[in-house]
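There is one chain below, alone, in structure tokens, taken in the form predicted alone.
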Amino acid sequence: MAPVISAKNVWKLFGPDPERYLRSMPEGYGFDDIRADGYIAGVRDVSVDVTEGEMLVIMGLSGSGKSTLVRCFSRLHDITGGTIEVGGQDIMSLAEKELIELRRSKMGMVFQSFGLLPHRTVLENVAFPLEMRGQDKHTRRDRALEVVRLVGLEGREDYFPRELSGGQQQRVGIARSLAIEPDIWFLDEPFSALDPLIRREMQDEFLRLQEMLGKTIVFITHDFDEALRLADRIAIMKDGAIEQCDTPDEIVMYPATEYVRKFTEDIDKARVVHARGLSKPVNGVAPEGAPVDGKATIQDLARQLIDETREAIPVADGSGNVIGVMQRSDALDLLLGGA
């Protein structure tokens, strides 16, 4: 299956003449070398694909390049080098009118600041992008009502932003981005301004929406716990480059660099790693007995693992088909802190 977003060797440099500088830059130059020459490397030689229905979480500390990269995906920033394709189209080759149409028809964006129009009601805020599209009043009202119900704000259609809590305002922002029925959804630290309890509730709501809608999502966060909870894959960035891009299970169990290892060292691995992450392909006939759910974490399976008598435990997908075999000793080592 062709990726929905495909970035190849993407660079974004800030400085007086970035294209010329990139052409003449010595091979192997690092972030500090580039900075010493008077340039900032917002994105350094990044290659990553995002597949249909996937949630890719891009994370890193402040200044790591995660927001710059996502703005390159939507061409809010023009890239200095490399290529970015969205739906098979090279977005750098699009004329301005074509680019605006791509954003309006296929991309939804939610940012940390809610960006709501204070003089408009919830319903009017949600319908606003449809109004900009030129849709008639009745069509946009019906669509706005639909997504307001979807995000759990039914009954608050006539409220103004000042009458809503922070979490409710964020739901309005999410509803507004969903109103255009985007194929791709970009979210830049949408929950970071919320207090911890509301943030957790919004993560739950977000996972519920994704289960229903199956959007292709690029989600930015600096919170590793949030990334682990939401992601199909995580891309960890440092100094404009991707240090590792992998599933949460793989990143926690097999960090590729010392920088990634520091992110994972305090994580309770049993809470993150799933049975499928510990499973190996079936060699011959699958072990007898009931399989465990591949989506269950080792922590979820703790009681069963302690009581289990089998050393080799079959692991199944959501349809009950055996997809691999997990060794009980490996799972117990992860659960109890073994070697």
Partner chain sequence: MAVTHPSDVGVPGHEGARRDPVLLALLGTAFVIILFHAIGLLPLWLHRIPEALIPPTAEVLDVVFAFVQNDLGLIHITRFIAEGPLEFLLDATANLLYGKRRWPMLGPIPWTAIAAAAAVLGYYLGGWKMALLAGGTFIWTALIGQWDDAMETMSVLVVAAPIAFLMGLLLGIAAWKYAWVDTAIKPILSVLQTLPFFTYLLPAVIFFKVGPTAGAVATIIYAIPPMILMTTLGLKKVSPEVVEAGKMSGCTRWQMLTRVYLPAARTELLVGVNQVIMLCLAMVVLTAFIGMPGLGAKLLAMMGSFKLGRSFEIGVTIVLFAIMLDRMSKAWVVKQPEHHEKGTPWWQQHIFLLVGLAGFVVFYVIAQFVDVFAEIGRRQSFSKGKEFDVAIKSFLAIDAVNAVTEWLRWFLNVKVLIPFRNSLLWIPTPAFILLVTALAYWLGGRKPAIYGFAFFTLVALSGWWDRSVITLYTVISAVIISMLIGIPLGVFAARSERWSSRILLACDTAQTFPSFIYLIPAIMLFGVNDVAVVFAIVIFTTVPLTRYTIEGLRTVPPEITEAADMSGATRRQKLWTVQLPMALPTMAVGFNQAIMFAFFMVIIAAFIGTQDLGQELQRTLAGTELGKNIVLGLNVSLMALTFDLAVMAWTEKQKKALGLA
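For the two forms, the rigid core is made up of the largest set of C-alpha atoms that agree within 1.5 Å on superposition. In this text the structure is predicted, and so the values were computed from the model without any measurement. Residue numbers count along the first chain shown, from 1.
Form predicted together with the partner chain: not shown, discussed below.
Chemist: Heavy atom within 4.5 Å of the partner chain in the model of the complex: which of 261, 104, 208, 200 fits that? Just give me the one.
Modeler: Checking each option against the partner chain in the model of the complex, the one that comes within 4.5 Å is 104.
Chemist: To verify the annotation, which of these, 76, 94, 256, 213, has a non-hydrogen atom within 4.5 Å of the partner chain in the model of the complex?
Modeler: So the residue touching the partner chain in the model of the complex, by this definition, is 76.
Chemist: Only one of 237-245, 83-91, 162-170, 262-270 has heavy atoms within 4.5 Å of the partner chain in the model of the complex; I'd like to know which.
Modeler: Stretch with heavy atoms near the partner: 162-170.
Chemist: Please tell me whether any heavy atom belonging to residue 157 falls inside 4.5 Å of a heavy atom of the partner chain, as the geometry stands in the model of the complex.
Modeler: So residue 157 counts as contacting the partner chain.
Chemist: Is there any non-hydrogen atom of residue 233 lying within 4.5 Å of the partner chain in the model of the complex?
Modeler: Output for residue 233 is no: heavy atoms all beyond 4.5 Å of the partner chain.
Chemist: Under a 4.5 Å heavy atom criterion, is residue 138 part of the interface with the partner chain in the model of the complex?
Modeler: Answer no; every heavy atom of residue 138 is more than 4.5 Å from the partner chain in the model of the complex.
Chemist: Is residue 152 a contact residue for the partner chain in the model of the complex, using a 4.5 Å heavy atom cut-off?
Modeler: Flag for residue 152 set to no.
Chemist: What residues in 183-207 sit within 4.5 Å of the partner chain in the model of the complex, counting heavy atoms only?
Modeler: Sequence-ordered list has one entry, 186.
Chemist: Take the rigid core as the frame of reference and indicate whether the C-alpha of residue 164 shifts by 2 Å or more between the shown form and the other one.
Modeler: Residue 164 C-alpha, core-superposed: shift of 2 Å or more.
Chemist: How about residue 122 - superposed on the rigid core, does its CA move between the shown form and the other one by 2 Å or more?
Modeler: Shift of 2 Å or more: yes.
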